[in-house]
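Listed next as structure tokens is one chain, alone, in the form predicted alone.
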Amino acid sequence: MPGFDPDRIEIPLGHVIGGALRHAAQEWLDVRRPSDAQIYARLPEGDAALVDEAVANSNAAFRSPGWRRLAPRDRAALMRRWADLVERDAERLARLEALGSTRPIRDALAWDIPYTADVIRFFAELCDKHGGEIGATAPDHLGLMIAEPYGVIGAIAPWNFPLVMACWKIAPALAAGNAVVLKPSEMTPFSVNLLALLAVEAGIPPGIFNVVQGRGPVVGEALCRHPLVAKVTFTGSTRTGAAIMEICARHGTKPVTLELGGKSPQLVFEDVTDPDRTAGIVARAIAGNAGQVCVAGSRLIVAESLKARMTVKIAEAFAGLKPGVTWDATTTLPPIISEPQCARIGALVERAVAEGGKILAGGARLRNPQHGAYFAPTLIEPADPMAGIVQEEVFGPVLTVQGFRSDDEAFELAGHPVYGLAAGVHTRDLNRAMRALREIRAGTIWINRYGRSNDHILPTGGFGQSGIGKDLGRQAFEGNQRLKTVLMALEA
């Protein structure tokens, strides 16, 4: 699988409004490559006026006969054509994704781009599968519940999986008949521009999928406040999600879908079939994308009888990772997204050690000639189960380890006062697994595995301060529609 020269990439600079690239900006932001901290582009920053233009353009496109009156199966055909074009341009998309994000080129080509196309196709198939229901009313009446699109959806996507996370929002919204204005992260802005241009090439009307670049406090807030934005969907931090909820409540009481922070446990019981294999699963669940994953399995809760063996094997797996730039096809440990985030990870680890925590592997940033921000995969045994390193979302490759001697203790340690995004449970005992499903408060629980599959029918979303609503699944499609109730009196 080839690497590439980062200085020879054509970048689709600008915003995408009405199916074309726009370079309008009052301010310009420097965009750095995480791999080497080099500035590789300048981002034209949108403002409230540009958001207003983009939303008005999307609203006009939504209301035009070319989209609003399009038969659902015809909408599905356009989306399938879009997915075909994503696959056709897989190499270009993957290079853009790797260049500006933390996604190594090997992973982008093998997983991110095929997954993006797959998600588009999955939601395309739902276009003509759901349109409402008929209610059980009195025989002289006919009760209908008609599913309709909201109109313009405001989508705010994160930086950690730019294309995949954006597509989780765009694909179900378009399949349900809406238009979308997307604000990608200003740190990873460009791959979604190409995605939007491919949608137009596929025949999706210009304006149905617009992109406005810029920072959250400017573009994101303007999008949430806009009176023509009927719903907002966001993936990111719990703090930002709460701010979005407040803005949406104050400006239109519009619904939101939020996938937010997590501090997900991985429980390993003494009866696992192959402890070494399980250790590999645990290691990948925190080291993947250098731990910059909402559902990263960041808390290992392991039977005391297996604790020593598991920690040794996890440390060995960490040591086998190769840090490097994202355009190197041999890289298996990518950079941290930015210097400030790397410094934050280091500070949390240092504080944990000061509080009595014991470093079992890693524990410090990695020095390298590229000058990017890299952090060693870290295994730490905290002195206190309430320590900050156990409770706070690190969003980096840091795994805490805690031992337990009974099932009750394991489930108690698995609980978290704030987050409830995901969890992993490793056991051969079906009864224990079923009890874990009842005891653990999390929106997704994996048994004897960790991480999502390509079964897009399974929704994802958190409990508590880990979010509201669902991405993926039929639920995401239905979450982009509202129900209109109709009751008809029938003449005798």
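Residues carry their position along the shown sequence, with the first being 1. Given the structure is predicted, the values throughout are model-derived calculations rather than measurements.
Beyond the structure shown, there is the form predicted in complex with a small molecule, which is absent from this document and is the topic of what follows.
Heavy atoms within 4.5 Å of the small molecule in the model of the complex are found in exactly one of 396-404, 68-76, 313-321, 176-184, that being 176-184. Heavy atoms of Thr235 reach within 4.5 Å of the small molecule in the model of the complex, making it an interface residue. The small molecule in the model of the complex comes within 4.5 Å of no heavy atom belonging to Pro382. Although the partner is absent here, Gly262 lies within 4.5 Å of the small molecule in the model of the complex, judged by heavy atoms. The closest non-hydrogen atom of Asn193 lies beyond 4.5 Å of the small molecule in the model of the complex. The contact with the small molecule in the model of the complex, taken as any heavy atom within 4.5 Å, belongs to Asn160 out of Asn160, Thr331, Ser298, Thr278. For the candidate set Met165, Ile389, Leu198, Ala124, a heavy atom within 4.5 Å of the small molecule in the model of the complex is found for exactly one residue, namely Met165.
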